Ligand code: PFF
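In the block that follows, a single chain appears as structure tokens, in the form predicted on its own.
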Amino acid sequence: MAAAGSGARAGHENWSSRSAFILAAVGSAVGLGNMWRFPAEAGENGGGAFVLFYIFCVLLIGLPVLLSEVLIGRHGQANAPESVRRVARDSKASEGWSVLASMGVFAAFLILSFYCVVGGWVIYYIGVFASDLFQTGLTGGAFEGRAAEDIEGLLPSLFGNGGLMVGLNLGFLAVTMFFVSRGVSSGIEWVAVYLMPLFFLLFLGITIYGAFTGNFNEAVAYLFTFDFSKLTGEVMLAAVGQAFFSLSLGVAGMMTYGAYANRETNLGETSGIIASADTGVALLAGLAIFPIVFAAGLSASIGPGLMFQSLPIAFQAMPFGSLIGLAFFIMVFFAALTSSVSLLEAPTAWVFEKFKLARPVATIIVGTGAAVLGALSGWFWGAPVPGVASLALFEGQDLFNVLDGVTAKLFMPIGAILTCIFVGWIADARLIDKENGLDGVLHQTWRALVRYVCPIVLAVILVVGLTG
């Protein structure tokens, strides 16, 4: 166990250093939302207009909510619901406000169950590219002699194999459980300190590869030419949602990680670094993927299939395609793992602190529940959920998409709105001022955003998500 920092509660684990906290929090935020969802969203929503508004939303909404969640955790030094209770108690407010964190913990559990399904897809493509590299060697393109339709059909064929989907999901979840069961310093921090630098090294290498072998100029123009005629209401809402979800807000993860931060850590400065790194990774993901896609003459607006279907086709025509494809999906695996660890840690911390269980036992309990839901999602892929799927919001959807919809459209926005109201209006202002690490204009701006702007914008996201 890492030494507790100044002001830490007895017996409570802490990050060994500020840099470890930053790497872990960046790892929590940087995941499939950056590598898979951001390029897909940018491609579907007009490129540069979406990107500009996305950056604006990170500053306007993402960063204020991120700081709010982290400071709650650091003050409480406990699992997310208990941290909210301690802030409420010290503010002489109702401890019932802990429901906002309880919703986040439950949302993290649900997201983990289907997130590991996608993690299984990543493992599948690692195997596909590793096999292809063994057959074709280092220098050639990927999948030599195979038709584009055959490569594009790899993912649908996986969807049709329920047993393989379940096995890959359980494999990814087992790796996640292993690290969480080892605790903060020996497990979660190890993942952050060692895998995140490897992730960034691979990421930089693939971006440079795309710049020299792909159509880098077209990608830059696509991402950073701000055609304001494309900035429609739909594009703006997509950018707000991406900024919010990319930072892993509303799922109690940042509260949980904030609880392991010592009192010397400046939360305002640290939150800024986390948000900047997360945004930078999202932009680099576009610069890594789009040059390769454009060089192959493929469309950027294919949506979620961009990474798992278009990109493998694009690697076919690229030098060292099999090798780069393998490196790319290993990189995505690292990003996915650091985020899944955060998703599992939030409910695990609650279980082992609430019921006084050993951490490995709590990990197994939470992981088993997620494994059951994930297995059902994989096995019954594409099959509408009886009863639930008859509701207008989830009409015809399978369990994977129902879980995704419930968390993204309901639990996460409501939890974030309640967090803003709690921090901005309910918690003792002197307590908050002491924790946030801001002063002067920055402090006043942050407080105005949390009290007025963020709740209103998040409420719009909630309404649109439920009615759109």
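Here the structure is a predicted model, which means the values were calculated and not measured. Just count from 1 along the sequence shown to find any residue number.
Not pictured, yet referred to below: the form predicted together with the ligand.
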Query - Listed residue (M412, L399, V51, V58) with a non-hydrogen atom within 4.5 angstroms of the ligand in the predicted complex - result: M412
Report summary line: Answer key: of T176, T348, S248, N169, within 4.5 Å of the ligand in the predicted complex (heavy atoms) is S248
Requested in this report: Spot the stretch among 60-68, 401-409, 31-39, 419-427 with residues whose non-hydrogen atoms come within 4.5 Å of the ligand in the predicted complex.
Outcome: 31-39
**Report entry** the ligand contact in the predicted complex: S271, any heavy atom under 4.5 Å
**Finding:** no
Requested in this report: Spell out, yes or no, whether the shortest heavy atom distance between S339 and the ligand in the predicted complex is within 4.5 Å.
Outcome: yes
Report task. Please check if L343 has a heavy atom lying within 4.5 Å of any heavy atom of the ligand in the predicted complex. Result -> yes
Query raised in the report: Should Y115 be classed as touching the ligand in the predicted complex when contacts are defined as heavy atoms within 4.5 Å?
Result: yes
